[in-house]
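Okay, so we've got a single protein chain in two different forms coming up as structure tokens, structure 1 first and structure 2 after it.
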Structure 1
């Protein structure tokens, strides 16, 4: 089996390095960071932290170097989906491409370029320490299922999930991956922009009754949009939010969107709150708070230029 990770940042590297442990899987990585690509080709792709792994991965920044693959795992930031998939789609003309990205709406973009699409949600997280070296911060499960309008076959989804699990990334193949995806996006959309606009960690957001109420209002809008699609979340975001706020879990965690804001990087707001609002608009479900926070965060990004 040949797998190409498209976007070999922190999350992509977790998949690439772990899959590369398998004798029967050949792993490629496509990434625009040439220093990272060169380091991977010279010394392998190294994970430290939650797991210590070195994987032999063939990396490139040149789409034309990619061979035909059985599978792709797309792990770019959501705003780079179209660029990354349009550049690499030829490698998946006989394969299936799975998204493990944040937010909603990525699969719709992928399906413009690739015919068999896997809807995925992943919880493992990390960060790039230096070219070729990634810290594995958090272990966690991944869920794969069909992207309904343009699905990969159940057998393909099962094969990719089985390989990931065997490589060290526990992955479930399911017939409906939307509950897991919407649970994650509702969680992220309810908490990320609140941290990003106030500068507060997850725990400090949750201990303020006024902000915690805002988080709940955002959760309610997200659940309504999920519900209008017939999706029942597979866990209560409110419980997950309170759990994460515990001092022994993620009280001091700065949401990735806050990290982006502090570094003056574009955030994924368009695919979190913006994605919920877009689905809401199409479904006739009002999402005024998600619309407001999307506008505020996008304007904040523009204030840097």
Structure 2
């Protein structure tokens, strides 16, 4: 089996390094960060923290160098989906491409370029420490299922899930991946912008009663939008938020949106809170808090220019 990870940031690196532990899987990585690519090719892709792993991965910044792949795992930021997939789609002409990205709307973009798409959701998280080295902050499960308008086959979904699980990234193949996807969308939209605007880690946000109440109100809006689509979340975001706030889980973890704010990078707010608000408008579900946080984060981004 040949797998290409498109976007070898923190999450993509977790998949690439772990899959590279398998003798029957050849792993490629595509990323625009040439220093990261060069370090991976020279010394391997190293994970530290929650797992100490070194994966031998073939990395490139040149899309033309990618061979045909059985599977792809797309792990870019949501705003880079179209550019990344249009550049690499030739590698998946006979394969299936799975998204493990944040937010909503990524699969629709992928399907413009690739015929067989896997809807994915993943909870592991980390951050890049230096080229070729990634800190693995949070372990967790991944869910794969068909993207209904342009699905990969059940057998393909099961094969990719089984390989990820064997490699150290526990993954479940399901017939409907929307409950897991919206569970994470609601989780991220309720916590990430609050951390990004305050500079607080996940645990510190949750230990303040005022901020924890705001998080709960954001959860309620997200659940209402999911419910209006006929989606019942596969787990309660409130319980997951409190679990992640434990000292032994993710108390000190800086959400990806906070990492982006600290680096003055564009955030994924349009695909998280903005995505919930867009679905809310289409379905007639009010989402005033998600609208407000989207405006605040986008204003913060504007302040950097």
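The term rigid core refers to the maximal set of C-alpha atoms that superpose within 1.5 Å between the two forms. Numbering follows the first chain given and starts at 1. Source: prediction; values computed, not measured.
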Sort out for me whether 1 or 2 is the form predicted on its own. 2
Treating the chain as two rigid parts that move between structure 1 and structure 2, state whether residue 168 and residue 192 fall in the same part. no
The rotation of the smaller rigid part relative to the larger between structure 1 and structure 2, from C-alpha superposition and in whole degrees, comes to 14
Could you tell me how many Å the Cα atom of residue 203 shifts between structure 1 and structure 2 when the rigid core is held superposed? 4.9
